[in-house]
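Quick setup: one chain, the form predicted on its own, written in structure tokens, and binding and motion questions come after.
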Amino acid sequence: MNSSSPRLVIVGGGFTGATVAVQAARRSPIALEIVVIEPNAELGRGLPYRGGDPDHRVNGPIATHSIDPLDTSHVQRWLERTKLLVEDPDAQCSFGTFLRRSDYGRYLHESVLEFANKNESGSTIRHRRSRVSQIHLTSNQVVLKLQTGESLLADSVVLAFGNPASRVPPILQDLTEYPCVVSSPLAGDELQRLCAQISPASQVAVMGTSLTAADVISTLLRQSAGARITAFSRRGLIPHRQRPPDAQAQANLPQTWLVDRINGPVPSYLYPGPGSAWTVRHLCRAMRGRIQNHTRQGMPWQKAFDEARDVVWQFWPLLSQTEKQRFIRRLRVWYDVARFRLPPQTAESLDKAVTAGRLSFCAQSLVEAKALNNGRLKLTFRSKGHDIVKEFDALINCTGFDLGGEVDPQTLAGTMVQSGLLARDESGIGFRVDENCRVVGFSGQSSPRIRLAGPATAGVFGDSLGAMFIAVQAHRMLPSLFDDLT
């Protein structure tokens, strides 16, 4: 390596890898050789942005989805340059602009190319199409072994694992090869093949009622005319809808407004009393009171919720492990339906389907699933202590990402856990890192040369799952990375 240009290797090229690469190139005090290791042909095409379904939209407006959180108008400038909204006029509505996921993936890819060789620091960004199988440390470098057998040396590494694999509930494990069961609807073309087979008289069951389910239902409504859809989950909770923007509050905002908001102070009403511990109960009461005050004054409840949501990363670490577990076990599902909201276009599509009788949502648990000889499925649900048996022509698993699942020993994360470089967070979600995202191994010591960013840090920071939070997390992390490099 050229000693005048330290090498930063980013493992993973989804949104997390793309935003770290671009921000590092634009903010580094010295020129860096940035290498992003990603097997896919285009950077930025993580699982949420890889497919081409026109009904799947990013669930937040473009101003919160810039690849660089210090340049929040970057997406708008790209849209004006590419004239993409001419091809997708439905992206714009009174709530803002909500891009198709595939188009947002294109934005991320082209943004990395934009800054690959022309940026403020004189750095370069290079895409290496491969996978990393092992990582180990020497006295002053990181050695990455690629699946090709080659080794790559780095001065610093950022692990950008992205979202974990989709969760396949145990009750469906024996049916994953059955042609009318789609276990991972956002990966591959299973969903499209199923849509081609469904007749107008078909009955389709969707397991889950989250954003993933909303996307899948949108596809079914468009590609499977007449099919009736039943979406179910234990509580039957449906994501809330995006609220209309506050035009006055958004007028004349500085380019740094997103960073300023997320890195701003924790609202005083969230603090417990003097000498009191931070507890989930206190936080819930404080947020509920704040929301009630807002609604009494005619303001949207989302505004009050967002005040706390934006700074979760600051007060989540103040909770004890017992309190964190209590939240994850009892309240996370309620938090998620308020946190991960439906884009207006998707919400309108679902509303129309419910009114037309094509779609229904149910609060019930699946307790048994059997494949019948006639090609159909017999599903047994439990609701309020009673079993309900129904037959369906297809079942689609939309239970979401497996944030708390076991670590596959065949993956890079698995090999790093086995070697002691990575340790699971005590919350059971993701891996341990310090306040600057340095990985903390089994020894309890942090590594100045290896960092972890994005969804895999959710156990430490509470909410690092959305684009704007990941981008601002990278912004906070990079100064310490630059210090360690120089």
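Please read these numbers as outputs of a predicted model, since none were measured by experiment. In this text, residue numbers run from 1 along the sequence as written.
Another form, the form predicted together with a small molecule, is not on view; read the next lines as being about it.
Screening 412, 359, 304, 342 for any heavy atom within 4.5 Å of the small molecule in the predicted complex leaves a single hit, 412. The single contact residue among 467, 478, 9, 25, judged by any heavy atom lying within 4.5 Å of the small molecule in the predicted complex, is 467. Using a 4.5 Å cutoff between non-hydrogen atoms, residue 432 does not count as a contact of the small molecule in the predicted complex.
Of the heavy atoms in residue 271, none are within 4.5 Å of the small molecule in the predicted complex. In the predicted complex, residue 59 approaches the small molecule with a heavy atom inside 4.5 Å.
When contacts are judged by a 4.5 Å heavy atom cut-off, residue 132 counts as touching the small molecule in the predicted complex. Look at 419-427, 25-33, 40-48, 437-445: in the predicted complex, residues with non-hydrogen atoms within 4.5 angstroms of the small molecule sit in 40-48.
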